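Heads up, the chain below is alone and in the form predicted on its own; it's given as structure tokens.
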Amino acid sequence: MEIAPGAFHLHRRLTLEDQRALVAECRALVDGPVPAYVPVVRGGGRMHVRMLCLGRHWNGKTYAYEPTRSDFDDLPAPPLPAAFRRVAETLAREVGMPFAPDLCILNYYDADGRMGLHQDKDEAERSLAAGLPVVSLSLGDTARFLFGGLKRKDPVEARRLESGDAFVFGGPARLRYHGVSRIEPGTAPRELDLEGRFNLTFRQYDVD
């Protein structure tokens, strides 16, 4: 389960029933009153996912969190659903990490979706210093997940994250580089009736 100090891969942790409930809520959110969109990041590049931030919005142009989507439509970030929060807290607790998530980035990957190597380092300094984890949930098609070191040039391990998998990294692994190189179309469980992949990544912006 622990693939590196502070990094845990929980294979098929969620039941199909749990996955169906989460997928239904994800669908309602990404096509809801504050819909998911394709962000344009610093430098003008377009991301290869549709993104919706819950609890707090991540601005791809400033690399900072904010209450409204000032880089897109100025709408407020929708609240983080209580059911989402409970799942993330449970997963972090199972690997022995304290966690009170207050934001989630919900990304939808289609067959061409991907995410370059990056660090999650835009939370408050106290949260990063405490090593509070990132909790990631995969729903739908399998992703080829890349997990590197603390420097961009460090060796990278590729892992398949399947539907229902959770990946938690905190403590000494909190600032390790990671990304998604590709999606494997048609690998989602048939029971989900889902093409593509939803990924939910939870964070705690600051320490109380």
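None of the values given here were measured: they were computed from a predicted structure. In case it trips you up, residue 1 is the first one in the sequence shown, and so on.
Beyond the structure shown, there is the form predicted in complex with ligand SIN, which is absent from this document and is the topic of what follows.
Would you classify V87 as touching ligand SIN in the predicted complex, given a 4.5 Å non-hydrogen atom cut-off? Looking in the predicted complex, residue contacts with ligand SIN do not include V87, since no heavy atom lies within 4.5 Å.
Tell me, yes or no, whether Y109 is in contact with ligand SIN in the predicted complex, where a contact means a heavy atom of each within 4.5 Å. Y109: contacts ligand SIN in the predicted complex.
In the predicted complex, does C53 have a heavy atom within 4.5 Å of ligand SIN? C53: no, not in contact with ligand SIN in the predicted complex.
Looking at the partner-bound form in the predicted complex, is R126 within 4.5 Å of ligand SIN by any heavy atom? No, R126 stays farther than 4.5 Å from ligand SIN in the predicted complex.
So which of 58-66, 33-41, 148-156, 178-186 is the stretch with heavy atoms within 4.5 Å of ligand SIN in the predicted complex? Result for this chain: 178-186.
Using a 4.5 Å heavy atom cut-off, which residue among M115, L103, M97, A77 comes into contact with ligand SIN in the predicted complex? Flagged contact: M115.
With the partner absent here, would R13, S163 and L194 each sit within 4.5 Å of ligand SIN in the predicted complex, counting heavy atoms only? No, because R13, S163 and L194 lack any heavy atom that approaches ligand SIN to within 4.5 Å in the predicted complex.
Can you name the residues of 11-25 that have a non-hydrogen atom within 4.5 angstroms of ligand SIN in the predicted complex? Stretch hits: zero.
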